[in-house]
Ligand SMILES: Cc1cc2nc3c(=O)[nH]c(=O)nc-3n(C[C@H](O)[C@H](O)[C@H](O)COP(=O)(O)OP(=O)(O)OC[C@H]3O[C@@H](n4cnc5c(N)ncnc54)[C@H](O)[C@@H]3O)c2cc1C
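A single chain, nothing else alongside it, follows as structure tokens in the form predicted alone.
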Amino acid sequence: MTEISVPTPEILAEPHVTCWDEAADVVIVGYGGAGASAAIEARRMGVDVLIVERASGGGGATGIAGGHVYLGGGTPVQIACGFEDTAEEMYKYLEALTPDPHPAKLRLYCEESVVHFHWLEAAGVPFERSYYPGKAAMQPGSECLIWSGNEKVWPFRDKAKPAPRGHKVALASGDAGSLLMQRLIATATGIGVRTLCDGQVVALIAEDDGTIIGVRVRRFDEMLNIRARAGVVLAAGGYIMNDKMFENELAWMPRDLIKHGTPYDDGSGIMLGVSAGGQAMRLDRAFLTSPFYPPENMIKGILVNAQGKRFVAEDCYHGRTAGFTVEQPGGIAYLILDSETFGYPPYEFFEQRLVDGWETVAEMEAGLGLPAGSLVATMERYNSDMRMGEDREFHKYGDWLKPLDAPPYAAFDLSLNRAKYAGFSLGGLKTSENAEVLDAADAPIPGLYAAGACAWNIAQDARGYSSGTCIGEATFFGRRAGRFAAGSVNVS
């Protein structure tokens, strides 16, 4: 459990609420992927659902995301593209990759992944039956299936049979999450989900025994008390835009981070949960990235630190590479290429500067200010392995094995606080597999649920991340939050 560095709101006792201005069976705080999924699931159970959203419309961080959903176990897209996968192999991969795995949650997510795919399509989210074979942070078009994680990376490829599981929404754009949210919002509206926009939930309302029965909302110049007859779902996003939390909880992150989120990703959902007795888990965890590919050929290069030594397999998912980079002395990292692997990193806004070119490795070593003999020894060892067709140090996948022996040589600076990095928070409220917010004794807080970026689920750090995990878990556990919040309502 993590101590929060900012004040938490006071919880309101029911006797102090003199009147109710509005009521619904299920009240949802936030209208991103988790909130929309919770609303649809609850409404389909026949209950009255009200979403309270701070912005003037839905979307949240999901609406500005790349639109990948991490799904497997034999989805229709995997089958159509000729890939075999099972829930068990998906589980083994995620379990090996997740720092603090929750077996029950992982099992549910993997075993119901195909069902969740069909649920998304039934809600109007489009997926092509197509495959993008390249190594990229984002497909260039509307292609669906991609290797979006570390499935082929050692040691994970030895622990679970690799399969591509990144399912991108069918939009030729880097923010295909916008289409996903358009479709979820349209579905929610069409089945009668009600929405109150421009409203900030400032407090939870509880009975004497701690049961959550409503929320207080600030909307323009008025305060509204909204009764939740069955439950409140917190789906208000992460905390990356809260400057104080960023400075305290994420002190290890680069200070000039490109923060991915909306202005309202300020941790308010987490703080509301803590005010009710919930546990805030691992607020020091975050996603971090600065991709250096495509072109794919650059993966055949090597990454070295300030000591001239390799520190990670270069074919890792870009978040894993960044997770290792931040741990290096001084955050220093250089991408080393020769004339046959040379290319320019794809995203100019990451500012990964070309340092220079050199005719020999010794000159490059001196030019980068590395310890005498360090890079020369690293390159000699690496090239010897490449000629034998094996990366004995980091076990890079066979597709990326090539000696770096064709001068001239070049180096790109991927160092923290020199190159730019992007990221978002990952810590959140501790929840059960049914999305119930848990107190200090790990008991569910009656009437309170959480999902998405304000909950602590599968996406836990950059080194163990796969693209699509956040939207995947947000929509999946959002559904569970809506279902279980609505479950106590007697619908005639």
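Note that the structure is a prediction, hence the values are computed from the model and not measured. Note that residue numbering begins at 1 and tracks the sequence as displayed.
This next part talks about the form predicted in complex with this ligand, which is not shown.
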| item | value |
| --- | --- |
| Proximity to this ligand in the model of the complex, single hit among Ile445, Ala61, Ile40, Ala462 (heavy atom within 4.5 Å) | Ala61 |
| The unique member of Leu429, Ala65, Val26, Ala435 whose heavy atoms fall within 4.5 Å of this ligand in the model of the complex | Ala65 |
| Which of 228-236, 308-316, 386-394, 96-104 lines the interface with this ligand in the model of the complex (heavy atom within 4.5 Å) | 228-236 |
| Contact test, all of Ser113, Gly166 and Phe484, partner this ligand in the model of the complex, heavy atom 4.5 Å | no |
| 4.5 angstroms heavy atom contact with this ligand in the model of the complex for Trp456 | no |
| Contact flag, Pro291 vs this ligand in the model of the complex, heavy atom cut 4.5 Å | no |
| Interface membership of Pro254, this ligand in the model of the complex, 4.5 Å heavy atom rule | no |
| Partner proximity in the model of the complex: Tyr449 to this ligand, non-hydrogen atom cutoff 4.5 Å | no |
| Residues within stretch 17-49 having a non-hydrogen atom within 4.5 Å of this ligand in the model of the complex | Val29, Gly30, Tyr31, Gly32, Gly33, Ala34, Gly35 |
